[in-house]
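Just one chain is shown here, as structure tokens, and it is the form predicted alone.
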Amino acid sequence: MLVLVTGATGFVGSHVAEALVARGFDVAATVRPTSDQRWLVGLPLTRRQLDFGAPERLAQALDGVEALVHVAGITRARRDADYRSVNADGTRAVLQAAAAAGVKRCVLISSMAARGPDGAQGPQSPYGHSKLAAEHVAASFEGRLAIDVLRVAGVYGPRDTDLLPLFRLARSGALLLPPRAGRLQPVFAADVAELVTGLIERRLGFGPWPVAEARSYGWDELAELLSAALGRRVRSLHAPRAVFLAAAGASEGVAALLGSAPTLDRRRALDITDSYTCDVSATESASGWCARTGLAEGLERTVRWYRERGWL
């Protein structure tokens, strides 16, 4: 079976592509002329050019493809409209081309941001709204494509650059944390990839299906586990949400001057100061999968990988 992975040059997508190759699938990875392909080096897969705005390129990329894993998207943007353009409109373009090409199977990687934080009635950010819109797009293709939607929690692990600043701050011996009341429920990248590979041949149904480690953690517990993984004492201080929002505003201002996407924006500041937890029992029961990597082990493996490559 030929499986096409969009976003395969990115953090999560590269883990998915690697896992599919390891399971014996024929894999094609979408790339752009500007893509950093370092995580694909040495993998026996083909590379296909993808352009959401060029239907003929989409058709070529999907030629002969039997299953599609749509990971491509953005988590940072200079403008709010960019989230919808890439995450929702891009999904529509890919699924239209997939349906026309006769693709049999599709797994869409969505986000817990599409649901919103605990207790909310929906997404709370432009990013979350764009991921929910992508899910609605996918629902409109039911009957033409066999689609499963995975609402993945915060993903961490080797190759991740988004959480690298957190590890570097902890290495310095001091860590600024959100309010103690918040909880997080992350998932290790390799565990996400394992679930995706299993779903290529075994459909769950549309979902959306929450994907995370089965248990959640408080921020103090995260700090303790991070200290253990780094092998040094880390002093932590909790700050109110306003501090994180102020830092995000400053980051957005600097990014606007530089013409780049901010490292910390208000969406991320809200996400880390809210709680995102979920019940994954239905996902586990239906798929036979569970996140096997606990946070302690996952942080240790991530720190080791960062150090081996000189990132930490």
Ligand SMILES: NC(=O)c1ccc[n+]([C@@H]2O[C@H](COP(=O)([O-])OP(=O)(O)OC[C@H]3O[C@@H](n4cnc5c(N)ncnc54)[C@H](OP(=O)(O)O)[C@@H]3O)[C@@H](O)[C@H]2O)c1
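Model, not experiment: these values are computed from the prediction. Residue numbers here begin at 1 and follow the sequence given.
Just so you know, the form predicted together with the named molecule exists too; it's not on screen, but the next bit is about it.
Heavy atoms of residue 62 never reach within 4.5 Å of the named molecule in the predicted bound form, leaving it off the interface.
When the named molecule is considered in the predicted bound form, residue 195 lies well away from it, no heavy atom lying within 4.5 Å. At the 4.5 Å threshold, heavy atoms of residue 12 reach the named molecule in the predicted bound form. Taking non-hydrogen atoms only, residue 8 approaches the named molecule to within 4.5 angstroms in the predicted bound form. Partner contact region in the predicted bound form: 30-38, out of 280-288, 30-38, 252-260, 239-247, criterion any non-hydrogen atom within 4.5 Å of the named molecule.
A single residue from the set 95, 155, 103, 226 has any heavy atom within 4.5 angstroms of the named molecule in the predicted bound form; that residue is 155.
Interface residue among 147, 170, 212, 71 relative to the named molecule in the predicted bound form, by the heavy atom within 4.5 Å criterion: 71. For the partner-free chain shown, 74, 75, 86, 109, 110, 111 of 74-113 come within 4.5 angstroms of the named molecule in the predicted bound form, judged by any non-hydrogen atom.
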